[in-house]
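Given next, in structure tokens, is a single chain: the form predicted on its own.
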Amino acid sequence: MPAPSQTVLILGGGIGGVATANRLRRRLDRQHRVVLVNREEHFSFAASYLWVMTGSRRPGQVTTSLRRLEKGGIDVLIGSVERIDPASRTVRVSGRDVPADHLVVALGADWATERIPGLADHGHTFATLPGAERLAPELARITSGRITVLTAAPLYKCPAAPYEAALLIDAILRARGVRDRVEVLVRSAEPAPMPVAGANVSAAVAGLLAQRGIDYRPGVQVTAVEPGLVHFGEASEGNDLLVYMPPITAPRVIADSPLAEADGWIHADANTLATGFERVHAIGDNTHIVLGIGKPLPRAGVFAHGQAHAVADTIAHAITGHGQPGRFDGHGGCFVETGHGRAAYGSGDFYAHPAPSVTLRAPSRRWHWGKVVFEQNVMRRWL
């Protein structure tokens, strides 16, 4: 006798939400509904924003409609998540209450650029698609001066991205023949590049910056920005172009819900991604998972992807009784674009004890094309 029809409601149409929906749809009979909720109709592949910044991608190449999921049997609901009641697994979406038998929260993290006075007004970011699109012509026209790449807080999305940005900016300046007239600086609030990955990875990334003549200074926190000037407490530095990675914060709808801890994030179980509520899971950037070293698991798409598969398998097992519950083991890897058609690749076990065990492989064309293939898989096969 078939199991009663059940509804799985997935909040968020980023990498984690889309991966969860696709995997569930493959594992569940069509009598069970898979519903994806997202504020906007369009999905964009954030890992390619740096290529939009350099001009090697157009926004339309990394953007597509989430409605395309409907042809595979996934219901897509476009609307704002206004309230989450995890006890009843009911979500208010643009004024409408939507109930679910299983709930997956994958709403990501919100930008908190306003925390740094003047940052948004006098800087450019590659962390959003519109920001990367606006930054591209600025980089294309600069012929002399100083470019500062900045992490605006120790906690941000995609740990490699600011360092990739600096290396890619260096590469396009060299290709234009103006690098000798443009200084490239990296100023980071972190104590080292990608510190959660370990001292060996930090040293390797710092070495890549040094090889390119990029002036790198860690452990400095921006406090305010004026036109052509960045303040780090009592110290200040001038620049001709400011490029930044914004701070992040938990989405307000999560921070205001029973799902959140005092810090506003969901402290999901590290392996099962279960919350304290029955049949409610949380994945991706809206979770806060503390590693053995006392630092959080980085907010990165690779982890949202792995968590999505684990949660989808758990839910499919609960509904059908087939297969096994999923388990996320903390393994992950990411490409670090260095320009000139090359990328490094870092991967390993972030749940290892006493500290994450991660290796960064040297830049090569192989890893660059690996990222290109992954991008094409997401844009053409996931959606």
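We number the residues from 1 along the sequence you see. Predicted model, so just to flag it, every value in this text is computed and none were measured.
Missing here is the form predicted in complex with a small molecule; even so, the following discussion is about that form.
Enquirer: The small molecule isn't shown here, but in the predicted bound form which of 259, 116, 147, 158 has a heavy atom within 4.5 Å of it?
Expert: None of the other options qualify; the answer is 158.
Enquirer: Using a 4.5 Å cut on heavy atoms, which of 40, 349, 70, 29 is close to the small molecule in the predicted bound form?
Expert: By the 4.5 Å criterion, the partner-contacting residue is 40.
Enquirer: If we define contact as a non-hydrogen atom of the residue within 4.5 angstroms of the partner, is residue 300 a contact of the small molecule in the predicted bound form?
Expert: Judged by the heavy-atom cut-off of 4.5 Å, residue 300 is in contact with the small molecule in the predicted bound form.
Enquirer: Does at least one non-hydrogen atom of residue 360 fall within 4.5 angstroms of the small molecule in the predicted bound form?
Expert: The answer is no: residue 360 has no heavy atom within 4.5 Å of the small molecule.
Enquirer: Answer yes if any heavy atom of residue 80 is within 4.5 Å of a heavy atom of the small molecule in the predicted bound form; otherwise answer no.
Expert: Output for residue 80 is yes: heavy atoms within 4.5 Å of the small molecule.
Enquirer: Look up in the predicted bound form whether residue 284 has a non-hydrogen atom within 4.5 angstroms of the small molecule, and give yes or no.
Expert: Output for residue 284 is yes: heavy atoms within 4.5 Å of the small molecule.
Enquirer: Can you say which of 40-48, 54-62, 339-347, 310-318 gets within 4.5 Å of the small molecule in the predicted bound form, counting heavy atoms only?
Expert: Partner-contacting stretch among the options: 40-48.
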